[in-house]
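For reference, the chain that follows is the form predicted alone, supplied as structure tokens.
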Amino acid sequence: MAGRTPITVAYGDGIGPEIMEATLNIIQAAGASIEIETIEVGEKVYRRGIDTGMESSAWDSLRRTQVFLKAPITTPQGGGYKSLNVTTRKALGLYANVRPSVSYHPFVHTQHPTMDVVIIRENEEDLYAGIEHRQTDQVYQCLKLITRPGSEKIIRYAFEYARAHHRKKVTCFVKDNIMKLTDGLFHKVFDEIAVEYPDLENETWIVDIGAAKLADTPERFDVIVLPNLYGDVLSDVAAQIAGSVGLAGSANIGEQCAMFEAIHGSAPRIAGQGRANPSGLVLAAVMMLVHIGQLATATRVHNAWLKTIEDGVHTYDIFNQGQSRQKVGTLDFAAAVVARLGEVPQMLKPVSYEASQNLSLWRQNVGQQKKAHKRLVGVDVFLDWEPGSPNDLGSALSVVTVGPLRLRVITNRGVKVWPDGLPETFCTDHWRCRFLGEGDTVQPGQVVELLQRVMEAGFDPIKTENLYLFDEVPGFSAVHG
């Protein structure tokens, strides 16, 4: 076993064991130099009372090998079970989710015969930070967290990926016309980093029209980098319009560890029937081989897979009477790929990883930002209050003052309702009351005293957000309306 690269393998649930067996058959026949440590994750582990779906011994294996090839798992329905994928990505710092979406026209049906897009999704923060609260009878919140270091890491990785894989353009998708601070930061960092890569084109799209263009004319895109939620949604869209979500593999890359998986689920409906398409996991394993530096083997597997698709040997999910020649099951498909090792496709474009830079050898160097001067100038006080109108609330709170702090505006669901709100605006029981000091510096103790006086006036504060200037630039959004 000397010289072999250790990897951790999990067979998963549903169709997982079948497609993992097929995948390992292929890469080992191709000469992958690996030493496998098998762990159990997923439904059986959840049922044993482990709410993460993975026991401590499995974590030990991952930290030891630092490479994880994982089949899909089933998370039991009901509360209390944590997403194994999200937990693994965060615990191991797997900040970059890489999902290629490629057309295999005419052998796999698609409306986009020349599509070849790689979506690089930030993997740790955004709304997937999972910080949620119920604040009133009517209102729930989820906090969207975008950080400068997190943005720098994923955006720089996207440019490095494009350069390493001889791509020409990196596109950023954001919604900073609305979320000016969070998505605005992501956009700003993209622009800062883009100038360091003059050999690559760059552009930014608002995510809604960008998504429409991706669905309609994906050929105009090459590498797309975007925050977590947009990336999760649009990578599935991209895979499906390329031909099938079942053909897409995924890499989750961190500074120390990496996880490779198909993007589809465990499909328990067809489990045990030998019908599942292993292609998504096979292509994930190809990405794994590239990551561990076995570039020739990755090239050999990928080209044999392409030749199998080109020869019309297809599983039932992509079988097409016009193009397919043989309908096969999971293990027979794997055998067909093994039989074509050493061959290259004639119509589909052959691949070669041997000229690619191995990004596993590249390490981030996130820049240190000069610390801004932070000055407290106000506070947003959120109330659970239902009895009256915005004007009633404004009148009652206008008399509550502490030092320079005065009530300036009240919003409901982000829209101004006092002063001079519109009577048509629908209101819930969740109110944001902004107290500002007209540019004066506010002391933290004055915020505490203000809260005390708000409660003495008979109101129920449920949350506060301090309002700061950073180098005299507001660190808080303006009010709609």
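Note that the structure is predicted; figures quoted are calculated from it, not measured. Residue numbers run from 1 along the displayed sequence.
FYI, the form predicted together with a small molecule isn't displayed, but the following is about it.
Among residues of the shown chain, H264 is one whose heavy atoms approach the small molecule to within 4.5 Å in the predicted bound form. Of the heavy atoms in D317, some are within 4.5 Å of the small molecule in the predicted bound form. By the criterion of a heavy atom within 4.5 Å, Q294 is excluded from the residues contacting the small molecule in the predicted bound form. Within this chain, I270 lines the site of the small molecule in the predicted bound form, having a heavy atom no more than 4.5 Å away.
Here the marked residues I15, P72 and N85 all reach the small molecule in the predicted bound form, each with a heavy atom within 4.5 angstroms. The partner is absent here, but in the predicted bound form a heavy atom of A276, alone among A238, V337, V225, A276, sits within 4.5 Å of the small molecule. Stretch-level contact analysis of 125-133, 276-284, 373-381, 177-185 against the small molecule in the predicted bound form, using heavy atoms and a 4.5 Å limit, identifies 276-284.
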